[in-house]
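We begin with a single chain expressed as structure tokens, specifically the form predicted alone.
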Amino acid sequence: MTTEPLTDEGHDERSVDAADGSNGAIPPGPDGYPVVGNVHQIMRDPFGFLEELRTYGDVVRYRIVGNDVTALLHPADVQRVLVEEPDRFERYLFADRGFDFAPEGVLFTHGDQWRSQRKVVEPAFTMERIRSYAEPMSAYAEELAATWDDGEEVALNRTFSRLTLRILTKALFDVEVDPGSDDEAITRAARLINEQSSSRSFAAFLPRWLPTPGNRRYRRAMAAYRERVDDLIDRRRGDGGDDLLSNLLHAETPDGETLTDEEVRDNLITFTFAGHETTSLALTYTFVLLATHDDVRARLEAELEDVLDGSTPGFEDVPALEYTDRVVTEAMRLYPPAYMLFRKATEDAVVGGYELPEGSIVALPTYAIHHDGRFYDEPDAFRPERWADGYEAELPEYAYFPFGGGPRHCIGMRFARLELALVVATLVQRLEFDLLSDPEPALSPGATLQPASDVRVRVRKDG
């Protein structure tokens, strides 16, 4: 069916509730090809495709290789799906294409199994525990800065991936990863997960069971990833402790059971991937933006000098680092690591007057909403100062949601925000980066929002 785009005046500004009526209408959207649907448009320009979707309204339908997907482009709809009716829209992974990433982990389980796992991992993310993680965050960032020579060229995305993995495994699992073995197996698997799910590659839309070279590399990398995770588990299986890994191994669920070996492994895979990958990307984009905005860098340095006066930042310093927080917040608005969330309707629903039958795939495009001019002045500009004076309170709920929301919001949000503040504050005091790559890096949206190529910089050390 051919449908006409809306003008800007045609955007639906309503707040949606479950009582919306429908006359059996399906959402409008762009035409596609038989079988593959809109894959060619997504591959050619994934962000241009998001812009095109916006012209059809706030509830837009498109197709991906036999799957109907409905994109919800208004914060009110996002809030409904994530917060108001989370049981009606369960987390979705494209399992019909054989994507087998940690299916027994807290990221993709449902119902009682998910609730049991969430209770097991929650103690690792209390404020008391978060406070204890600050020391390795700052210490490892200091160590990294000390390893660089003045004038050295580095790939920020790869370097930050190793740093955040080291921080995470020490803080949450009390394990030091072995350079060249643990970290390489895990970070290589993370790269292949993103390559295999990149919207710019046709491989992302093919079943995982096809014997393509990419699928074979992916299976080998995941096998090595699982082997390394099993090694981490074996190192700690007989130990006590109150870290996350100990909780996974020994804590009892509400029905008196412990997690299965597969659940322990898949949760460790989930946290080692999602917990380090998203934070490393946020750091990468933050430093790209600082390297290209001297005024922001100068204001940030002034705050750090005033608050820290050259000292290593700690947990108690973070509340005073207000501008640092705004810099990180704005970087994650422009480059949300989790750039799109997917859910599946567990029963028939009506959104914006359009029918979503049971089983419908629902896309919540974080990136598109974060760049929507209805909610942000100069939406593509890097302006940390926009977050001052209670600005966020004036935004619609879920106009900003880099960590998701509702009962399944990212459980590591406070961990990540603390890590970002401490690492940024530690490194900015000690060095600067001269950007050698494109100041507006090409993006490759996959499982996370990756730069299409390494972000290379030259290190300059202060003093």
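Residue numbers run from 1 along the displayed sequence. Just so it is clear, the model here is predicted, and its values are computed rather than measured.
Not on display, but discussed next: the form predicted in complex with protoporphyrin IX containing FE.
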Checklist entry - All three of Leu53, Pro365 and Gly446 touching protoporphyrin IX containing FE in the predicted complex at 4.5 Å, heavy atom to heavy atom? => result no
Next on the checklist: Quick check on this chain: which one of Ile186, Val106, Leu356, Leu163 has a heavy atom within 4.5 Å of protoporphyrin IX containing FE in the predicted complex?
Outcome noted: Val106
Checklist entry - Just one of Thr169, Thr286, Thr324, Thr278 has a heavy atom within 4.5 angstroms of protoporphyrin IX containing FE in the predicted complex, so which one? => result Thr278
Checklist outcome for this item: In contact with protoporphyrin IX containing FE in the predicted complex (heavy atoms, 4.5 Å), from 412 to 420, 391 to 399, 66 to 74, 433 to 441, is stretch 412 to 420
Next on the checklist: My question is simply whether Asn247 lines the interface with protoporphyrin IX containing FE in the predicted complex - judged by any non-hydrogen atom within 4.5 Å.
Outcome noted: no
Checklist entry - Just to confirm, Arg343 within 4.5 Å of protoporphyrin IX containing FE in the predicted complex by heavy atoms? => result yes
Item to check | Distance check, Gly404 to protoporphyrin IX containing FE in the predicted complex, heavy atom within 4.5 Å | outcome: yes
Checklist entry - Can you check whether Phe315 is within 4.5 Å of protoporphyrin IX containing FE in the predicted complex, heavy atom basis? => result no
Checklist outcome for this item: Those residues of 317 to 344 with a non-hydrogen atom no more than 4.5 Å from protoporphyrin IX containing FE in the predicted complex are Met332, Pro337, Ala338, Leu341, Arg343
